[in-house]
Ligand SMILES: Cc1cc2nc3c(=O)[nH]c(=O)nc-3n(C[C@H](O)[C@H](O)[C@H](O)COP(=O)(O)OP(=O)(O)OC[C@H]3O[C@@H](n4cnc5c(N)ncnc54)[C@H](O)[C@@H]3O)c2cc1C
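Given as structure tokens, the chain that follows is alone and in the form predicted alone.
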Amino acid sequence: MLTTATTSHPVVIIGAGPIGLAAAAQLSERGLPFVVLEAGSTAAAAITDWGHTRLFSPWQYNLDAAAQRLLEASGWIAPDSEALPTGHELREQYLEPLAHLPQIAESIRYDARVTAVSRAGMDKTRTARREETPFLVRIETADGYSDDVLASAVIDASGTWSAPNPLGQAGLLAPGERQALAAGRITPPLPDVQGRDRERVAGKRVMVTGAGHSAANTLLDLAELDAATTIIWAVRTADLTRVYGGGEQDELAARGALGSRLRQLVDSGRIEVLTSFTITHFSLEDSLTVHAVTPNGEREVSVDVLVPATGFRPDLGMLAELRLNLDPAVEAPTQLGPLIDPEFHSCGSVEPHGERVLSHPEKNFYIVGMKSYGRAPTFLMATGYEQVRSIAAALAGDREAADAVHLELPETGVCTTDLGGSCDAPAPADDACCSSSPQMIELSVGR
């Protein structure tokens, strides 16, 4: 609950993506003042990068209850609950209308990138009167100037889209990776290979790395280009069974169909698979040479372009002056880590959790959405909506509502650590519906 010493300041929400805007809607219904700080120039700015992909989850799982109530009060009509939206449709039909509501729009600051969060007048080492001291949120504006915003509480819904995992071994950038990126030989995650980025890959020798849904989506889209496009799929795992997923047992039919289609393309030889393939370094000449180690020794593969689909990780640098309690493995809040460990949980088997599980030693600071899952790829958008509902209730002093967490999730088959962002959107490779539909990605992107 907010204390009387800090209630003169708003709750600051970092990120105007699906979870950040849901937090705003929940706080609005509770009558709590808030400010949303968005790094982009529009709401859900990051979705423009992957808007061509289609989510695995239908609209019924993609709408926050408080946001829907606010929208419907303004005359908005919800999309077909069973339809599968693309990222562009999610943004245009839901997130932008939500951000434009008067009770939300007046509290959003765009082009405001958060660079640090601390306590006003004290660093991490100071304890006396810490909980009574407002947060200091430092932002950098589009013109390069810095500004400070004081907050009674902070909800970090900034996501992980801006921090893709490196391609090298041991969680590190491979030697030569930065140079290959700068030369345009490595694409951003989830490129639009049938649209905006088609010229970069069509008729080329393309390698896709990663064993998750994002990789699967990209591979399926590449396979629909002309036969002159050579497709190589490199994975660190030795067995692709988990990659192909739950098939007909997946309650999200689009995601189940994804693995089935991918298996057919591999079996037919349209996609060449390199298993147990660990990248050690890159070299650049006329083409990009990918150097790797395999069970049979060192291997070199020359390609024109490489598409990374190895997932994302949280950027915790801006939180360095806060007292956090994070799981040492997945970098999620300590109590949440064991609940979402991808070695034991799929997207649909994660227990409902709310404010208590997400809390840190730094009172009234919370990480939510995809970023709350750290390096685990098992996040579903509906999970984030329940997170912020519980947090808003706690900040309003409604402990009973905050603790009454409840969530029904579809069984997801298999989620892997290479998922690009979440289980909702076939970001990494989650869905591809059963025909030639665009990639699908479960919404796990924070902004």
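Numbering starts at 1 and runs along the sequence shown. Computed from a predicted model, the values in this text were never measured in an experiment.
Unshown form predicted in complex with the ligand; subsequent notes refer to it.
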Self-check item: Heavy atom of L380 within 4.5 Å of the ligand in the predicted complex
Solution: yes
Exercise. Verify the contact flag for W233: yes if a non-hydrogen atom of it lies within 4.5 Å of a non-hydrogen atom of the ligand in the predicted complex, no if not.
Key: no
Quiz item: Counting only non-hydrogen atoms and a 4.5 angstroms cut-off, does E38 reach the ligand in the predicted complex?
Solution: yes
Exercise. Report yes if any heavy atom of R205 sits within 4.5 Å of a heavy atom of the ligand in the predicted complex; otherwise report no.
Key: no
Quiz prompt | 4.5 Å heavy atom contact with the ligand in the predicted complex for all of N62, L190 and M318 | solution = yes
Self-check item: Candidate stretches 69 to 77, 128 to 136, 109 to 117, 356 to 364 - the one whose heavy atoms come within 4.5 Å of the ligand in the predicted complex
Solution: 109 to 117
Practice problem: Let me know which residues along 39 to 54 have a heavy atom within 4.5 Å of the ligand in the predicted complex, or say none if there are none. | Solution: A39, G40, A44, A45, A46, I47, W50, T53
